[in-house]
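This document opens with one chain alone, in structure tokens, the form predicted on its own.
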């Protein structure tokens, strides 16, 4: 797939962390209320920590973007092994991403080195970024992506429906449902009623959760095999 580039502008968000604004899509990569706090809340706290007691977890991210979700996942050390695959149709150059201040704000000794490796590593190739963290970024749209590998957790971080409507259609949730293991979890910042109904129609059990700062709600969806307690 040809690597298409988007013109971006560096923006500081409400928690002091950076995001990128894409004028072409009238969209930001993260919440303007706080990039790091949004990613921590939606994808780590409400997604990854559902697997705190698992020996390993296989993750698919839709929307690699700035690499923030991958970075935060790599430094969450509560499980022994993570296999992290991330899809991206608009790869960003290191010259742009290297300006983001995530390594300065996240207090972890390895974060600067890992953040750069996430971005300069080869596309479509699995690499071991650190002990127990295998990473692969894939230059492909979700519609074109196919894999026999099943996923435990999906980070759905595509641009919003007004910017990428093709990534919020009913067929998307049917495809992701089929790509997940039983008891799998999908999290997204989006809480639109139509998205929720389409997920339910695809077979998911859907929860509306309190959203991160600046958003009223978010969605967490589970595949069959989950029993409410």
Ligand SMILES: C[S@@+](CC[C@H](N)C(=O)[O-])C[C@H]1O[C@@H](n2cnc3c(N)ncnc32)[C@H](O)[C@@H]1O
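Residue numbers count along the first chain shown, from 1. None of these values were measured; they are calculated from a predicted model.
As for the form predicted together with the ligand, it is not shown, yet the points below apply to it.
Distance criterion of 4.5 Å from any heavy atom to the ligand in the predicted bound form singles out 62 from the list 180, 186, 62, 59.
158 is the sole member of 158, 114, 82, 153 with a non-hydrogen atom within 4.5 Å of the ligand in the predicted bound form.
Proximity of residue 133 to the ligand in the predicted bound form: non-hydrogen atoms within 4.5 Å are absent; the residue sits far from the partner. In the predicted bound form, the ligand sits within 4.5 Å of a heavy atom belonging to residue 88. For the chain shown alone, residue 44 is not a contact residue for the ligand in the predicted bound form, no non-hydrogen atom being within 4.5 angstroms. In the predicted bound form, the ligand sits within 4.5 Å of a heavy atom of residue 29. The putative spot formed by 73, 176 and 218 is not touched by the ligand in the predicted bound form; no residue has a non-hydrogen atom within 4.5 angstroms of it.
Heavy atoms closer than or equal to 4.5 Å to the ligand in the predicted bound form belong, across 120 to 157, to the residues 140, 141, 142, 143, 157, ordered by sequence position.
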